[in-house]
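In the block that follows, a single chain appears as structure tokens, in the form predicted on its own.
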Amino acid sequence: MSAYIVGIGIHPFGRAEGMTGLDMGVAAVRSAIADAGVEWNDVQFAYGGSDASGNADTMVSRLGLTGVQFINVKNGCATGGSALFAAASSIQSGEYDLGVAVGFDKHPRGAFDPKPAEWGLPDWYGDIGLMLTTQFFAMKIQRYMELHGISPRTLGLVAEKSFHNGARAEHAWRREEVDLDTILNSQMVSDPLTKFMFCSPAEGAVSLVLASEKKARELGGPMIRLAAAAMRTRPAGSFEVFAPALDVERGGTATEIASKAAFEKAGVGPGDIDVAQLQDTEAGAEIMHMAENGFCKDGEQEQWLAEGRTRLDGSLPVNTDGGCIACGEPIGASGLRQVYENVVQLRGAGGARQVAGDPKTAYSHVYGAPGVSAVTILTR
């Protein structure tokens, strides 16, 4: 049995003074069920979560005390992806016909502030600065660039594309284009990553309404099928966020095994994907994730970016709403934002950021500490 996404709702990302994370989550749910053409009373179940803004189930006091099954999800950067996976499973099992997934967050300004003990790490790991993820990501992409011949200019091209796309997305936080020279010559944060190459902790919320095929046809909207949803944790020998060491015997990555599982389940391959949203905590992450998700080989990103293949008019548009770099990263909502954007693209409703060629398959990938990854594939 398949699950379909019949409604989408988003509270714009960025800063929303005077609103809590739960306020934004409620707004996103109301928008999604209105988009689906249903009422909250029709919703049979919900999964939702945030990293730092409270329990999602408490929003029933605002949405309606219907006795609905509402399960909280908390899984780091994969919170949204995990909520979607659980919601899809509830539909696919045949137990329910209509449900909601929601993710939201509201983070203070500045970098995230994780504590070593909360991640099973010794204090020395934090003392040398590696809990500050800008440092970890910079070290990781430095190594990757040396191994595979990636230039700083390619990092800049990723960020330039993100701001170009974000300027065309109503829900994005950063809505002004930034040229390549400005990106490359801006303040160095963690070498080789300048300030325009990073995303920022942000605020926002996204909700999706899922339905069985029978219910989706009854509602009569666009038939966007969730062909696959897979979530995986890190395998032995991987090198992920907060890894205290790099094994001599290297293994795969959480992203590689999640991507492989999703492609197998959907029955398609990387060459079949028309549009993709990839985790871009910083510009280097998008580059590495292009290869880890199977869209190119290590090192080929240099040519891909130079030829504009990942731009809106390229052969594989990537992060069409500007990704995390332009939208920011409210942890609980970020993965669902990617799926929201893919539904917009498959509906042909992207306006100025709509990709060409009548897309029929869309891919999203979210990644986070300490090595978790969730992938979804949509088709129509």
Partner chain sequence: MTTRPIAQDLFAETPRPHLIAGRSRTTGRIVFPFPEGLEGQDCDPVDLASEGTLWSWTVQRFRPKSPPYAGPEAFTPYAVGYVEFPGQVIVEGRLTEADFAALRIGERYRTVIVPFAEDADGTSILTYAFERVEGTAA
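Model, not experiment: these values are computed from the prediction. Numbering follows the first chain given and starts at 1.
Although it is not shown, the form predicted together with the partner chain is what the next lines describe.
The partner chain is not shown here, but in the predicted bound form it comes within 4.5 Å of a heavy atom of residue 125.
In the predicted bound form, at least one heavy atom of residue 115 sits within 4.5 Å of the partner chain.
Using a 4.5 angstroms threshold between heavy atoms, residue 167 stays clear of the partner chain in the predicted bound form. In the predicted bound form, none of the heavy atoms of residue 254 sits within 4.5 Å of a heavy atom of the partner chain.
For the marked spot (139, 146 and 245), a heavy atom within 4.5 Å of the partner chain in the predicted bound form is present in each of the three residues. The contact residue chosen from 71, 296, 223, 130 relative to the partner chain in the predicted bound form is 130, the criterion being a non-hydrogen atom within 4.5 angstroms. For the options 190, 90, 281, 259, the one in contact with the partner chain in the predicted bound form, meaning a heavy atom within 4.5 Å, is 190. Stretch-level contact analysis of 182 to 190, 272 to 280, 92 to 100, 208 to 216 against the partner chain in the predicted bound form, using heavy atoms and a 4.5 Å limit, identifies 182 to 190.
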